[in-house]
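As a starting point, one isolated chain is supplied in structure tokens, in the form predicted on its own.
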């Protein structure tokens, strides 16, 4: 017979697994601007590069999400990288090729690409 406590323990374990599988506790977070204007500027392509890298390269410590309008249309598409214990880095006018370099240099090696950052 299943007790109420057993049910609660099972639900808790399921919730923890969902949180972990979605990457909510990751040490690195990447936010790609996906407002309408950013999509028009190419952010869907940029998002695809990050999605592909996370799946294919096993970047399990990276949480990927969308963000809304930042009010900086002249800098779109934008990407923000937030790492635990560090100041967030915002990149502007990101292309597919730049996204690939952000993955290789910033996410994998921890080296921000300063010449692409938004101040």
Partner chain sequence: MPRKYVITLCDGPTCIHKRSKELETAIETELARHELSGRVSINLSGCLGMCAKGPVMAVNPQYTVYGNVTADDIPEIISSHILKNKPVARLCIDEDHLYNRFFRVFGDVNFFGKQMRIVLRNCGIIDPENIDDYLSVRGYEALAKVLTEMKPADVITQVKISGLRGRGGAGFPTGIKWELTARQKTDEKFLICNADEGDPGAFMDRSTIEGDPHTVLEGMIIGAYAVGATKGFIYIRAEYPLAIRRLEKAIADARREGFLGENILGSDFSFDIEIRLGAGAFVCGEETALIHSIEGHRGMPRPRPPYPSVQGLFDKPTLINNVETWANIPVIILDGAEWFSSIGTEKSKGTKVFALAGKIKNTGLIEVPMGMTLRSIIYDIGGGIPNNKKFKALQTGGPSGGCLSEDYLDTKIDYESLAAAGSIMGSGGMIVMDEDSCMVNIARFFLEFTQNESCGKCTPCREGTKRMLEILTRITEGKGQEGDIERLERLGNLIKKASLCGLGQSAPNPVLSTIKNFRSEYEDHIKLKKCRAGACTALTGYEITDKCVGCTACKKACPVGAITGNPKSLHLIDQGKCVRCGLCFDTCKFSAIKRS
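Worth saying up front: this structure is predicted, and the values here are computed from it rather than measured. Numbering follows the first chain given and starts at 1. By rigid core we mean the largest C-alpha set that fits within 1.5 Å across both forms.
Not pictured, yet referred to below: the form predicted in complex with its partner chain.
With the partner omitted from this view, the residue of 59, 49, 41, 34 that lies near its partner chain in the predicted bound form is 34 [heavy atom within 4.5 Å]. By the criterion of a heavy atom within 4.5 Å, residue 25 is excluded from the residues contacting its partner chain in the predicted bound form. Its partner chain in the predicted bound form comes within 4.5 Å of a heavy atom belonging to residue 11.
Though the partner is left out of this view, residue 70 does reach within 4.5 Å of its partner chain in the predicted bound form, counting heavy atoms only. Contact between residue 93 and its partner chain in the predicted bound form is not found at the 4.5 Å heavy atom cutoff. Residues of 90-118 placing a heavy atom within 4.5 Å of its partner chain in the predicted bound form, in sequence order: 90, 114, 118. After superposition on the rigid core, the Cα of residue 9 moves by 2 Å or more between this form and the one not shown. Relative to the superposed rigid core, residue 109 undergoes a CA displacement smaller than 2 Å between this form and the one not shown. CA of residue 80 to CA of residue 19: closer by 3 Å or more in the predicted bound form than in the shown form. The gap between the Cα atoms of residue 21 and residue 53 is larger in the predicted bound form, by no less than 3 Å, than in this form.
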